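The chain below stands alone and is given as structure tokens, in the form predicted alone.
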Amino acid sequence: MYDALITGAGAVGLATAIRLQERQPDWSILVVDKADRVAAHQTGHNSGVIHSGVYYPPGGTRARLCREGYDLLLDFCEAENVPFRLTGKFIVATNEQELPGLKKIHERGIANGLAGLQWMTGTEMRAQSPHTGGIAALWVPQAGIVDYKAVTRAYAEVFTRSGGVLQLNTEVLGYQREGESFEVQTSKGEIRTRYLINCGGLQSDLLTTMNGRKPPVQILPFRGEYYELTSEAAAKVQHLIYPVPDPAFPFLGVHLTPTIDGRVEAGPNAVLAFAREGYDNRTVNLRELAATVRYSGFRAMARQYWRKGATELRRSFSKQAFLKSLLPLMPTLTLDDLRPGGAGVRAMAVGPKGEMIDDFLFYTEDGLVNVGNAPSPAATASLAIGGAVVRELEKGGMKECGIRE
């Protein structure tokens, strides 16, 4: 019998474990994951950006948790000697039509408490970043880079050092409430726990349905594919370089991202994956693909965004099309500057009418919290999300069990 079981050893799951230990240092806490390592999926396949919170509507959950999580993440990295670097970010308007969107982002950043934001003309920007295109830019000094696999490994070390138990190669197959505890069926046998927290990422809706509850959204997997710049081209990129995002589409568009190990990634696009863990276009899970295609929300979204989807798909199969999307940000790039890179899969929460949910979702009942949606900037905000999950658990009755205030 454990006091708490957490499903998912990504950044959010292990950050939640740390925050719960802070509140209940005497509890027995177990984290399980079906993979053979921590950060095996979304956390370990993202681009390593430390997000500042500049994009998000002021007062919203994402803005609040990103700003809180940003400070907690940097403090954690310094305490645990995890390398990171604040490179700063240029958000670039490449034409006149994008200027109102860039100004709106500037206003949001100010409202979210970011200091040092600078509006720059194209000439002013190129004085700092000579190879960047565009007619104007917003400079965001808080943005940076880190290896989230290293962050999550450090989370795991802190968690186990404080008495927590991490059990990998353990898949949750089902669970049910039995009196004052949960019986959790796993690939390694049954586990009993007083409290259950599911931080399943790409599997979050499936974990929710195991309790007989139908979540209001379904997770659709979208693969983001990257190229890497050659060393010669990478030397021209010292900062994060982002476009002004399309407000109708919850992706930030292809961008140029230095990594903590000295590479520069270009991308990602956003194409439907044929499996929840489909990191290339050859990986197909027919059962998962059929569930996606049958879902009314997918069909509604496809009808609305088919043109956008066709553009993203073309970039997936055409290096020339991918380059074309990058040239407004860096006009000197050539096809020879791009070499195949990695890919990640984003768990996109979509409602039954095709509405794409871009905020954090928590489903709470007595003794149970399902993290139903944790989109970007979840890795940056992971410690703040972990604190929010613990507060959600309190609402379900933990206070009556003596949780410390």
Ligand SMILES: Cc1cc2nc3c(=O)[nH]c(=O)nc-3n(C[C@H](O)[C@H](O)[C@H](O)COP(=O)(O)OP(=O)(O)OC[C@H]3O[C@@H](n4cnc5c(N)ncnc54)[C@H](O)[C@@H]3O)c2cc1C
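We number the residues from 1 along the sequence you see. What you are looking at is a predicted structure, and each value in this text was computed from that prediction instead of being measured.
There is also a form predicted together with the ligand; it is not shown, and the following applies to it.
Novice: Check, residue by residue, if 13, 199 and 207 all come within 4.5 Å of the ligand in the predicted complex, counting heavy atoms only.
Specialist: So, yes: the whole triplet contacts the ligand.
Novice: Looking at 124-132, 283-291, 316-324, 168-176, which one sits within 4.5 Å of the ligand in the predicted complex if you count heavy atoms only?
Specialist: Only one stretch qualifies here: 168-176.
Novice: Decide whether residue 383 counts as a contact residue for the ligand in the predicted complex under a heavy atom distance cut-off of 4.5 Å.
Specialist: No - in the predicted complex, heavy atoms of residue 383 and the ligand never come within 4.5 Å of each other.
Novice: If we define contact as a non-hydrogen atom of the residue within 4.5 angstroms of the partner, is residue 9 a contact of the ligand in the predicted complex?
Specialist: Residue-level check for residue 9: yes, a contact with the ligand.
Novice: Check whether residue 76 has any heavy atom within 4.5 Å of a heavy atom of the ligand in the predicted complex, and answer yes or no.
Specialist: Taking the distances in the predicted complex, the answer for residue 76 is no, it never comes within 4.5 Å of the ligand.
Novice: Can you check whether residue 29 is within 4.5 Å of the ligand in the predicted complex, heavy atom basis?
Specialist: No - in the predicted complex, heavy atoms of residue 29 and the ligand never come within 4.5 Å of each other.
Novice: Of 310-329, which residues get within 4.5 Å of the ligand in the predicted complex if you count heavy atoms?
Specialist: Going through 310-329 in order - heavy atoms within 4.5 Å of the ligand in the predicted complex - there are no hits.
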